[in-house]
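In the block that follows, a single chain appears as structure tokens, in the form predicted alone.
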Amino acid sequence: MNAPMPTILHLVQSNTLSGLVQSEIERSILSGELRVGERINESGLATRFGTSRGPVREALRGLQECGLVRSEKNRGVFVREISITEADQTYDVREALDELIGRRLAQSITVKQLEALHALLADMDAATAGHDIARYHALNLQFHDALVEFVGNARLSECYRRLTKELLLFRLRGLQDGGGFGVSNAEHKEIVMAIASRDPARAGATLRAHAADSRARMHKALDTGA
């Protein structure tokens, strides 16, 4: 007997569930709970989330597309480790995109959007004062996500977020071991000031310099850990 075709409701429920599972697995990877190179246990995740393995597999396919996991035939799915060469190549593209984001925002930023950025800066100040690297890291992601979101270009947002996800583990290590997140936060304040100046060249250059400094922190952290 043939299995019944899935209804639209079933498809929506499955897609929504796999999206939630993907977000939670991504959080586990970025927090370091799932370590670079670690094999991902589908059955264990299904039990943890109280679901079948189907949504977990779908979530892992999404994470593979994002570059956070890799699949090996007959071995399973592993948290992806990108090489320093790959990271540098990604930073080449990120620096160019950050400059574009800065230029566009200097031309279009609203008062409400600037207020939102200042609120994030205040929260990052608090995380820095409390030496809360995990909180700061999360706010750092929110800050850059807000910048690209405020540009209002869906294709730019999609491209930028995919690139930056591949760098997240390197960026966290750079914050911890590559010069301190207080330095990073000072750069964020300079970014907001440059955008608020309405000067596209200044804003673009400031954001590009921040990406270059983030790359330098990554290299410093790797040298420190060698």
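Sequential numbering from 1, following the sequence displayed. Everything numeric in this text was worked out from a predicted model, so none of it was measured.
We do not show the form predicted together with the DNA, though everything after this point is about it.
- When contacts are judged by a 4.5 Å heavy atom cut-off, S157 does not count as touching the DNA in the predicted complex.
- In the predicted complex, the DNA lies within 4.5 Å of some heavy atom of E42.
- A residue is said to contact a partner when one of its heavy atoms sits within 4.5 Å of a partner heavy atom; S197 fails this definition for the DNA in the predicted complex, lying far away.
- Looking at S52, you'd find a heavy atom of it within 4.5 angstroms of the DNA in the predicted complex.
- With the partner removed from view, the residue among E81, E72, E115, D88 that has a non-hydrogen atom within 4.5 Å of the DNA in the predicted complex turns out to be E72.
- You can rule out all but one of 34 to 42, 62 to 70, 159 to 167, 189 to 197: in the predicted complex, only 34 to 42 has residues with a heavy atom within 4.5 Å of the DNA.
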